[in-house]
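Shown next as structure tokens: one chain only, the form predicted alone.
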Amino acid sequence: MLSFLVRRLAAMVLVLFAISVLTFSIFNVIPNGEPENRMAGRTQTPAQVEAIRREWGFDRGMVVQYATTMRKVFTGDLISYYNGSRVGEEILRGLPRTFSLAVGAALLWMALAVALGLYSAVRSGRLSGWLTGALAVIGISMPVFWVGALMNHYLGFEAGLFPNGGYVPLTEDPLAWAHHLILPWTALSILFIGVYSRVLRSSVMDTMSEDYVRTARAKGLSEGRVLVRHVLRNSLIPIVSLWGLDFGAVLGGGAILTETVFDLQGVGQYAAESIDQLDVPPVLAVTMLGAFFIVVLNTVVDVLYAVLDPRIRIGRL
């Protein structure tokens, strides 16, 4: 297990380096024109453009430009050229909001998807199984921004059951924190519940036909024990993979629409506003942050793979 962990950590470092080079190229090398002009924004002045060129090393070699960019990203030394705020501080301010949204929604969609997927697989061919499958497809088909807008309007604005957007820190009032996030959690989870339950249903149905499942039943084990200890454990491998990637993407600003609809002012909404303002430093930082979360959580998923199925530890990077 130790050698497996070492291999995965080494691969993670290499992937992060490759992503940093690719991100640098996308922002500073591939687009036509000078990068300092793009960073200076719409209301640029010649003095501002020249200052950005010297600050970022755009008048020097590519290696120096890359090193300077990565140093600014990882030390938090990025300044927004739209309002002069420090990008690192803005991301740290929005990260607890995004983290609260991501963790609550991830736990919700994972729990409901497992329950719905397992139930629809066990009841396959019956009316109840067909209905759960239909509900999953409906969930996949509904856009997050549309569901969120309906919830916010009818349950928040008109009915007054939930706050009409906004955020309360967990440390100030845990109940108000959860109350403000119930609708965002639900809106963000609906799509994932549909996708995950369909994937799990297919995986469970394939696993139930395996020889070791028939052997477990032949030994006299209860159906519940067979489903939980033999079928569900092996069927969770594709779900764990999806969960790690989706959770990392949400943490890295992937919940832009949900945050915007409910005005959470998280990392995703900050990135969306920066794109609208053509403010390059925040977009660069959020892009690297999202890539970091996805790669790290993908490594965690591989470790969970090894826990669920020890055969994966042998010869896998």
Partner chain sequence: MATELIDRAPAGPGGLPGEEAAGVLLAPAAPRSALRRLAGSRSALGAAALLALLVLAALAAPLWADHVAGTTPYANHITDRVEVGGKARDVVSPDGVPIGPTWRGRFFLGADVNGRDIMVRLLYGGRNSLMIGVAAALLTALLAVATALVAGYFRGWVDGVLARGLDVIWAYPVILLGVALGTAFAVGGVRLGPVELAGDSKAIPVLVIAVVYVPYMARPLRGTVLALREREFVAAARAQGAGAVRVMWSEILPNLLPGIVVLLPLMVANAILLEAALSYLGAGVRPPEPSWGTMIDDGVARIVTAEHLAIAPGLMLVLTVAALNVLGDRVRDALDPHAGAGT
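So that the term is clear: the rigid core is the largest set of C-alpha atoms that superpose within 1.5 Å between two forms. Residue numbers count along the first chain shown, from 1. Just so you know, these numbers come straight off a predicted model, no measurement behind them.
The following text describes the form predicted in complex with the partner chain, which does not appear among the structures shown.
Trainee: Name the stretch: of 190-198, 112-120, 69-77, 88-96, exactly one has residues whose heavy atoms fall within 4.5 Å of the partner chain in the predicted bound form.
Mentor: Heavy-atom contact with the partner occurs in 190-198.
Trainee: To verify the annotation, which of these, Ile52, Leu264, Val280, Ala291, has a non-hydrogen atom within 4.5 Å of the partner chain in the predicted bound form?
Mentor: Contact check passes for Ala291.
Trainee: Would Ala159 count as a contact of the partner chain in the predicted bound form, using a 4.5 angstroms cut-off between non-hydrogen atoms?
Mentor: Flag for Ala159 set to no.
Trainee: Check whether Leu242 has any heavy atom within 4.5 Å of a heavy atom of the partner chain in the predicted bound form, and answer yes or no.
Mentor: Within the cut-off, so yes.
Trainee: Are any of the heavy atoms in Ala176 no more than 4.5 Å from a heavy atom of the partner chain in the predicted bound form?
Mentor: Taking the distances in the predicted bound form, the answer for Ala176 is no, it never comes within 4.5 Å of the partner chain.
Trainee: Please tell me whether any heavy atom belonging to Ala18 falls inside 4.5 Å of a heavy atom of the partner chain, as the geometry stands in the predicted bound form.
Mentor: Judged by the heavy-atom cut-off of 4.5 Å, Ala18 is in contact with the partner chain in the predicted bound form.
Trainee: May I ask whether Leu22, Ile275 and Val286 each come within 4.5 Å of the partner chain in the predicted bound form, counting any non-hydrogen atom?
Mentor: Judged in the predicted bound form, Leu22, Ile275 and Val286 all sit within 4.5 Å of the partner chain.
Trainee: From first to last in sequence, which residues of 202-232 have any non-hydrogen atom within 4.5 angstroms of the partner chain in the predicted bound form?
Mentor: The stretch 202-232, when checked against the partner chain in the predicted bound form, contributes only Met205 at the 4.5 Å heavy-atom cut-off.
Trainee: Relative to the superposed rigid core, does Asn298 relocate between the shown form and the other one - that is, does its Cα move 2 Å or more?
Mentor: No; that C-alpha moves by less than 2 Å between the shown form and the other one.
Trainee: Can you tell whether Arg233 sits closer to or farther from Ala10 in the predicted bound form than it does here, judged by CA atoms, where the change is 3 Å or more?
Mentor: Farther is correct, given that in the predicted bound form the C-alpha spacing of Arg233 to Ala10 is increased by at least 3 Å.
Trainee: Between Val13 and Asp302, does the Cα distance in the predicted bound form come out closer or farther than in this form, changing by 3 Å or more?
Mentor: Relative to the shown form, the pair is farther apart.
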